[in-house]
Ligand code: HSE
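Below sits a lone chain in structure tokens, taken as the form predicted on its own.
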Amino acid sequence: MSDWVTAFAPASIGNVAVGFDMLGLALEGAGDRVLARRTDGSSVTVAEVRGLDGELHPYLSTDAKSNTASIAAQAFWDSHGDSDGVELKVLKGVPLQSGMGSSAASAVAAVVAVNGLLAEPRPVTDLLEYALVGERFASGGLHADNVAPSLLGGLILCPPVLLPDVYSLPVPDGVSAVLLHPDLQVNTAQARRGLAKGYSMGQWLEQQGLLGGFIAACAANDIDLIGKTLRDVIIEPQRAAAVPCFDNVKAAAEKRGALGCSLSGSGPSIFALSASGDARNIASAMEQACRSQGISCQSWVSPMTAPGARVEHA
């Protein structure tokens, strides 16, 4: 196995409630791994995809033209590789259609692994545009709110209008993220197509104010202001009904003192931000609320400074 490069890319929280397609947060504790090695071929191929149980994945394809990891890796190799081919192995650690940036984690891990095959690897910031090629195939849109935090770590501002430029934001002291994943699935591309096409000026102004306030709160280390601004008045009301346990889980998180609670991406995962000392209790309350409706689940507690993708073995 000495000729394989292994890269890990973490799961992520998309939108972070206030920033649809513009904010993302890396999540510690869950992620995908991709192994890459040079071959005698001339393109990127996928040898296998294994799931959370370690078995061959029953749904994800090894067809290089329809796998997020290989699509991203091929885009990178076309620009920076040589005449060799590349073979990938994908180890899924993020559930599919989970609202945890599953496709983004695969794309990011693949690009980071293939970059590790170069004699002079490119800077990590140069990899974003190639990972986005894979994510665009999976989700049907050009947005970096999962790819950018998975690649770079922490809290990232990444408005589509500014891509490929993205910006790491300061995070407040003593605040952690809690993420609950119910054993459900929501198709991101379908969820995006189901959103309303127009919004009132009042809605737009309210959400823009909350986004601006949240960014200001992070910069000023103002936890009270985070609690006032961590709300989604446009997208969450349209998506919450697709997650049967959402209302109960959100109420449980808020009752235990969460600063705010919303869907992660299009769901079904649900995240909350809280004082770090309260995070474990909030995670337990969210799990109990979910299971009370007969839905199994798991949760993670993560610092808002969780690291991004990295090479684990070369």
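Note that the structure is predicted; figures quoted are calculated from it, not measured. All residue numbers are counted from 1 along the displayed sequence.
We do not show the form predicted together with this ligand, though everything after this point is about it.
His143, Arg192 and Ser266 - do all three of these have some heavy atom no more than 4.5 Å from this ligand in the predicted complex?
Every listed residue reaches this ligand in the predicted complex, so yes.
Though only this chain appears here, would His80 touch this ligand in the predicted complex if you measure heavy atom gaps against 4.5 Å?
His80: no, not in contact with this ligand in the predicted complex.
Just to confirm, Phe20 within 4.5 Å of this ligand in the predicted complex by heavy atoms?
Heavy-atom contact with this ligand at 4.5 Å: present for Phe20.
Does any part of Gln74 reach within 4.5 Å of this ligand in the predicted complex? Heavy atoms only, please.
Output for Gln74 is no: heavy atoms all beyond 4.5 Å of this ligand.
Although the partner isn't part of this model, could you tell me whether Arg136 comes within 4.5 Å of this ligand in the predicted complex, counting any heavy atom of the residue?
Residue-level check for Arg136: no, no contact with this ligand.
Exactly one stretch in 240-248, 145-153, 109-117, 83-91 has heavy atoms within 4.5 Å of this ligand in the predicted complex; which is it?
Going through the listed ranges, the match is 145-153.
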